[in-house]
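Shown here is one chain on its own, the form predicted alone, set out as structure tokens.
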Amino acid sequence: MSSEQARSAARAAVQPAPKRATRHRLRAQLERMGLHALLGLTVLVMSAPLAWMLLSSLKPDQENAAYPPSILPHTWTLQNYRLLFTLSDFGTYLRNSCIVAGVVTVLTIVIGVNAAYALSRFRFRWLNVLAGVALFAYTIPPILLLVPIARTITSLKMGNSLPALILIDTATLLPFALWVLRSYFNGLVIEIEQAAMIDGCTRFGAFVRVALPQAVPGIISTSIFTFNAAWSEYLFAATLTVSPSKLTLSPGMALLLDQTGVYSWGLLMAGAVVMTLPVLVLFTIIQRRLVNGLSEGSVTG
């Protein structure tokens, strides 16, 4: 090493620590600002269609048909929402979707939690085969099952009924819930349950008092997915239900213009807003519980 290089290395070694710390803080702040800017851009791009849908539902038809289109309404109106519930059976569609999605979510979570815990904690032959069959059942496209399911429902005289949709949606979504919840139970610390059973808990008591509280984040996330899938399901609802009193929101929205006889983008956007709102409200309500549960699970683990 030359004398000049040695002097440069010595000067770098004796550089004041506060100056190096300041440079590191500046670099960290710049990286944080860049990540926040990227996150903000992503949120803006993904929320733009929702914002356009909401603003279009608050415009009169003349503004929705005008060119060039305006972002903010010149005239704010709720007429589209009033027409939505007065000119069509949208209220009936909304009620049917709430019943189907709510019951499907409860049944799927109750059955899935118990079955996933059994698959995770008990060891028996063909366990991996059974779990693989459950995952394979979820990967089958629903369109391939439409004809045999429709014939089965017809032979059981359950056509054009909400119980048929509940049964089909539960059977369709249960394999996914089972696979996700089983993976979540596999990640929990089993020694805590064993310690509870040594202290006098039964297997069911350890499941209820120890495993379930730790599995709350997985149950919540699976519930959100299940509710959203059942809420927006279209294929079986449009095929197996005929009368307007049994239709859910997805096929009801497809028939909205034909039923009302009114060609209105504002009316369609109002229906889309009402259809999207329950999922957003549900996620907003349980988001805090989901984050708290994740934090508690990490501390427990």
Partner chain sequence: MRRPNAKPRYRKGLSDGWLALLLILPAALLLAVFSIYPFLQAAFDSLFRIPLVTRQSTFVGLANYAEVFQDESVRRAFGRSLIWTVSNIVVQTSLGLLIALLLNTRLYGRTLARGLVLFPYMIPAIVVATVFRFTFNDITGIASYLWLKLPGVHEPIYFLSQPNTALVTVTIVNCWKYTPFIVIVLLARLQTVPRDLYEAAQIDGAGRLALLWYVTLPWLLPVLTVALLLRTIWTVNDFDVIYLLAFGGPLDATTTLPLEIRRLAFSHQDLGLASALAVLVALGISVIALAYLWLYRRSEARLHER
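C-alpha atoms forming the largest set that superposes within 1.5 Å between two forms make up the rigid core. Quick caveat, the model's predicted, so the values are computed rather than measured. Positions refer to the first chain, counted from 1.
Keep in mind that the form predicted together with the partner chain is not shown, yet the notes after this line are about it.
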74-82, 124-132, 184-192, 94-102: which one contacts the partner chain in the predicted complex at 4.5 Å, heavy atom to heavy atom? 124-132
Is there a heavy atom of Leu212 no more than 4.5 Å from a heavy atom of the partner chain in the predicted complex? no
With a cut-off of 4.5 Å between heavy atoms, is Thr22 one of the residues that contacts the partner chain in the predicted complex? no
Is Gln29 near the partner chain? Define near as a heavy atom within 4.5 Å, in the predicted complex. no
Heavy atoms within 4.5 Å of the partner chain in the predicted complex: does Gly218 have any? no
Using a 4.5 Å cut-off on heavy atoms, which residues of 111-148 contact the partner chain in the predicted complex? Ile111, Asn114, Ala115, Tyr117, Ala118, Leu119, Phe122, Phe124, Trp126, Leu127, Leu130, Val133, Ala134, Phe136, Ala137, Tyr138, Thr139, Ile140, Pro141, Pro142, Ile143, Leu144, Leu145, Leu146, Val147, Pro148
Could you tell me whether the Cα atom of Ser70 shifts by at least 2 Å between this form and the one not shown after core superposition? yes
Core superposition between this form and the one not shown, C-alpha change of Leu127 at least 2 Å: yes
Does Gln29 show a Cα shift reaching 2 Å between this form and the one not shown after rigid-core superposition? yes
